[in-house]
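Only one chain is shown below, in structure tokens, and it's the form predicted on its own.
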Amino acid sequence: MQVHVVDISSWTASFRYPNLISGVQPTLEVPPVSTVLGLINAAAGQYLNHQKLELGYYFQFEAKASDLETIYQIDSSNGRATNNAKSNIIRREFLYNARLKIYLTDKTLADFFRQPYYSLVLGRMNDLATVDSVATMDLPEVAYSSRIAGQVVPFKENHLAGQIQALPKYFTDTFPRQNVGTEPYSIISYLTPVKGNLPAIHDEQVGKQGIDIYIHQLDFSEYD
């Protein structure tokens, strides 16, 4: 299968749990699909109205740590922000020395990363990322994956091991933006590969043993 592979790296990354508000903000160990689609939009410089899209990705990091961060909570009045704000300190997890590989079948989308329009970030605005390479590869397809890691896979019908979390596939470009296609996913860290028994492509250049990459078949036509 011919795919266009985008390699991205960053010193830090963090992916917040949706709908979780607490004094400690943990990070997911794999970015949601919506985060990767946001990166594509940032590279393109516009909101892309995808219809059908094939997308795979793999994420790894070197270490996980926590940091103290000052935030400013802005008051609102009649739905609008005011000039009144108070500071607070929260503990936030982050991932160090992160690498993301994006696998696309659409060359146009991959080419956006050759000269990204906006800055790319892996999480917060200070998690700046760099595009290391964009390449076209022919990767073998496997009918039954034996090593899935560093990815999220829809839980329905696949029932893979891993942390189960409801995640959106995409967001609208409205204000306020709305979740699109939220469903449960198995979040499989690169540290804990699992046997998938589902169709995938195999990238032998990832890790010592190679990784099977699940290709998401995304269809947003029903949300138009």
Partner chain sequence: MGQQIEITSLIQPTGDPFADVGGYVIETLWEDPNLKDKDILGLIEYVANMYINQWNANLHAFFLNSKITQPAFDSKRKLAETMVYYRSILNETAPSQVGYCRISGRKTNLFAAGRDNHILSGSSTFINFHHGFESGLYLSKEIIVRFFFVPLGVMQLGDKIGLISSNNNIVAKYYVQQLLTGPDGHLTTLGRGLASGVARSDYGIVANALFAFADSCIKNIRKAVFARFDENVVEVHDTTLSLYHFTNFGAKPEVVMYQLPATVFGFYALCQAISYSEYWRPFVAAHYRNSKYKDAKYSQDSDTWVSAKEELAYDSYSTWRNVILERLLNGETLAPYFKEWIRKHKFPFQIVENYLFYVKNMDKRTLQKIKDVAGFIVSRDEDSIKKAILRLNRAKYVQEVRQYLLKLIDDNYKTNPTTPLIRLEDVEYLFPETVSWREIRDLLLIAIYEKLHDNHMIVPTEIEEQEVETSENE
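Here the structure is a predicted model, which means the values were calculated and not measured. Numbering follows the first chain given and starts at 1.
What comes next is about the form predicted together with the partner chain, which does not appear here.
Note on contacts: among Leu160, Val33, Leu39, Leu53, the single residue with a heavy atom within 4.5 Å of the partner chain in the predicted bound form is Leu160. Of the residues given (Leu128, Met137, Ile71, Ala143), Ile71 alone sits with a heavy atom within 4.5 Å of the partner chain in the predicted bound form. For the three residues Leu48, Arg99 and Thr108, a heavy atom within 4.5 Å of the partner chain turns up in the predicted bound form in no case. Taking the partner from the other structure, the partner chain in the predicted bound form has no heavy atom within 4.5 Å of any heavy atom of Asp132. In the predicted bound form, Tyr17 approaches the partner chain with a heavy atom inside 4.5 Å. Interface membership of Arg92, defined by any non-hydrogen atom within 4.5 Å of the partner chain in the predicted bound form, is ruled out. The partner chain is not shown here, but in the predicted bound form it comes within 4.5 Å of a heavy atom of Thr192.
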